[in-house]
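Below, in C-alpha cells: the form predicted on its own, a single chain.
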Amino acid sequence: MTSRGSGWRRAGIDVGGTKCLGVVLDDTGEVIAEHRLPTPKGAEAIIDTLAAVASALGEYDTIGLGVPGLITRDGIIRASPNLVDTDNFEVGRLLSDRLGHHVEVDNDATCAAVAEWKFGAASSLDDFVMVTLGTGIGGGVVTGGRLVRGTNGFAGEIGHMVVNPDGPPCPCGRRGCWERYASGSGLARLAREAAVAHRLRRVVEVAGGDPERVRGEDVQVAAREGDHEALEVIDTFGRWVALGLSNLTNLMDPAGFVLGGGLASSADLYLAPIQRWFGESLYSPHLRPHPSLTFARLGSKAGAVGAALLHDVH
C-alpha cells in the first residue's frame, strides 16, 4: 500500500452469483465507500452493472475486479459456471474501455486470499491456501510470499478436484467435485439426503416440515440446539472438508489454511470436526508439523477488498 497520508484511493468490485459489491480503500486500508447492485444475467448487462457500481464509488486511483471462474492473466473469463453467457468474456478490456481506466482482473477467491493476506487471518503467513466455502469452493494460493496464478491464470480452482468420480453432477460438467461435498450447497445436499431418509427430524421441523427444502442454515440451527442428528451431518461435512485440505497439504505443504465464504460465520460449529478429521486423514500426521486452520476475518467484503489490492500484487 501507499504510505499513510499520500491520499491513494483504491477501488475493488467483487462479482458474486447474486450481487456485485464495490468498495474503496484509503491509504490505510480502511473501507471508505461501498456500493452494491444485483448481478444481472448476460455479459453486456454485467458490464453495465459494473460501470454503474464503479461510478457510484466516486473517485479512485486504481480499480480491480474479482470474478468467479477461469480468469486469464489478461482479464478474460474463459468459463464461469455461475455467471450466465460469459464464456470467453473479455470483461477486463470491456470494462476498461467503458471506464477509461485500466482494470486489474483476477479470480474472486484469489482476491479474497489477497485481502486476508494483507489485512486478515493470513497476515503473518507467507505460505497459505485460502479456501472459500460458499455455493461452491474457490481457492487462492500464496507461496514464498508471492501470489500463485499459474501459467494461464487459472491456479486455485481447488473446488473442482474430483474426490468421487461416481458422485453427484457439478455445474462444471463433471461428477464428484470436492465442492459437491464440502461447500455450503454440499452441506445442504448431505442434509437433504439424511432428511429424506428420516434421519433429521428436528432439522426438517426447522425447514418447515419439508425434507426437500432443508438448507445448511437449518442444520446449523438444530446443531446449536444440541440436536445429535444435525451434529452428525456437520461431522460428515467436516470429514469432506478435511479430505480436500489433506490432499492440498500433500501437494503444497502450506503453513496454514484460511477458510472463508459464507460458512465462516459459523466457524464454531465446523472447526473442531474439520481439525479432528484432518489429523486422521493427513499423510504421516504424527511425523510432521500440521498447517494452521483458521477462519477468515474480513467476511463478505474480502473479495472486494482483495480486488482493490490487486494493483499491489500483480
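Quick note: we count residues from 1 along the sequence shown, nothing fancier. Every value quoted in this text rests on a predicted model; they were computed, and no experiment measured them.
In what follows, reference is made to the form predicted together with another copy of the chain, a form of this protein that is not presented.
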Open item on the list: Please identify the residue among Asp227, Glu90, Glu193, Asp127 with any heavy atom within 4.5 Å of another copy of the chain in the predicted bound form.
Closed with: Asp127
Task: in the predicted bound form, the residue from Leu231, Leu94, Cys172, Val221 that sits within 4.5 Å of another copy of the chain by heavy atoms - done: Cys172
- [ ] Quick one: find which of 38-46, 263-271, 57-65, 279-287 has residues within 4.5 Å of another copy of the chain in the predicted bound form by heavy atom distance.
- [x] 279-287
- [ ] Using a 4.5 Å heavy atom cut-off, state whether His102 contacts another copy of the chain in the predicted bound form.
- [x] no
Task: Partner contact for Asp253 in the predicted bound form: another copy of the chain, 4.5 angstroms, heavy atom - done: yes
- [ ] Tell me, yes or no, whether Pro168 is in contact with another copy of the chain in the predicted bound form, where a contact means a heavy atom of each within 4.5 Å.
- [x] no
Task: in the predicted bound form, Trp240 touching another copy of the chain (heavy atom, 4.5 Å) - done: yes
- [ ] Check each residue of 191-210 against another copy of the chain in the predicted bound form and list those with a heavy atom within 4.5 Å, in sequence order.
- [x] none
